[in-house]
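One chain comes next, on its own, written as structure tokens: the form predicted alone.
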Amino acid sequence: MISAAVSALAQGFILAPLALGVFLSYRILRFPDLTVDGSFGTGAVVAAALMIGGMNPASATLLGMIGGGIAGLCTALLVTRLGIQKLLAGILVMTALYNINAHILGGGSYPFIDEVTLSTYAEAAARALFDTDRMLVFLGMPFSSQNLVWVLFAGAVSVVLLVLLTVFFRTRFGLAMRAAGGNPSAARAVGANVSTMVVSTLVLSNALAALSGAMFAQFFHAAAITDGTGMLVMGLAYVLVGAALFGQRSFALRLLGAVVGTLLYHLIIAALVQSGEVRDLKLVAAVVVLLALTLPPFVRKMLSRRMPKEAVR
């Protein structure tokens, strides 16, 4: 059970940047950006192609992140320059990225065998910290020392991102981004360039998704052009689980909620998998999103019907 929990936490922290990216497009721009399904895979395949060419994994991961940002820029330009509807622009770029990612990787998938990746660093760190790169034992239960290193590393990345995003969205530019998404007319009235804000949000959102994609591929020792399939739905599930926990509080707490929602989601899924209750993880994510979108309005409607009756009594 501990092994499953450590693995779930590692995956949760690795996918936390994806959750933050989906949070930005969904909460600031008020629409689910399908580009992330493609940019997640772009981060994975760009990093893989560069590591295959001999680049160190840190630089390859950073460039994979930049590749995702470029994908977000393409969607943003379709929206702001060509006037294409946001959802349709995301679909167009996501579809194009499927073939682009295949050309970058040179095929449908690539397993890391001799390449130096972040997992190679995790193995070395495990040997240095725990004198073994295999299994540790806690309360008689074994778990992977490398997965624990991934928890520490990806957890540190998530904390840094949370701090940077919290500080950034308190700046004048960050506040303008939030205003442009919530009320474009009011943002224009105070002199904000709404098109620039949309571009900035989509670039940042997809760069974060690509960062998750690059780390995800290295955690599982393989990159594939299908890695991003369904990741928007997964990201929405993380964001909505976090919203259920933290509610509509401060922006910083809602960012934290997206990360906590990601961890909680993966811990719950790990428990269900261990019990043999679930295997179709993306189907579960779709159901979670459906319930999160439909239950709150239903509950509010039921409460509004009961309150007048209670007032009469």
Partner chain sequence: MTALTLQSISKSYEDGDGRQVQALQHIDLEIARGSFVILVGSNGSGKTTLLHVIAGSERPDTGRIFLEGEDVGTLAEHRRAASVGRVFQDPFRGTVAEMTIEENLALAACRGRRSDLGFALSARVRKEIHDRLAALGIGLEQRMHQRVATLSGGQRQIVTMLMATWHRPHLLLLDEHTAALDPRSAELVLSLTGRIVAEDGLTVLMVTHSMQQAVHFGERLIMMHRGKITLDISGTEKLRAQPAELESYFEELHRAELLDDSVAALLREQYI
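Numbering follows the first chain given and starts at 1. Source: prediction; values computed, not measured.
Not pictured, yet referred to below: the form predicted together with its partner chain.
Of the candidates T132, Q85, N99, T171, T171 is the one whose heavy atoms come within 4.5 Å of its partner chain in the model of the complex; the others do not.
Interface residue among T120, T95, N183, T229, judged by heavy atoms within 4.5 Å of its partner chain in the model of the complex: N183.
In the model of the complex, its partner chain lies within 4.5 Å of some heavy atom of M197. In the model of the complex, at least one heavy atom of G191 sits within 4.5 Å of a heavy atom of its partner chain. Using a 4.5 Å cutoff between non-hydrogen atoms, R127 does not count as a contact of its partner chain in the model of the complex. At least one heavy atom of R254 is located within 4.5 Å of its partner chain in the model of the complex. The three marked residues, M55, I66 and H221, fail to reach its partner chain in the model of the complex, with no heavy atom of any inside 4.5 Å.
Comparing 149-157, 232-240, 162-170, 71-79 against its partner chain in the model of the complex, the single stretch with non-hydrogen atoms within 4.5 angstroms of it is 162-170. Using a 4.5 Å cut-off on any heavy atom, the one residue of 2-35 that reaches its partner chain in the model of the complex is R30.
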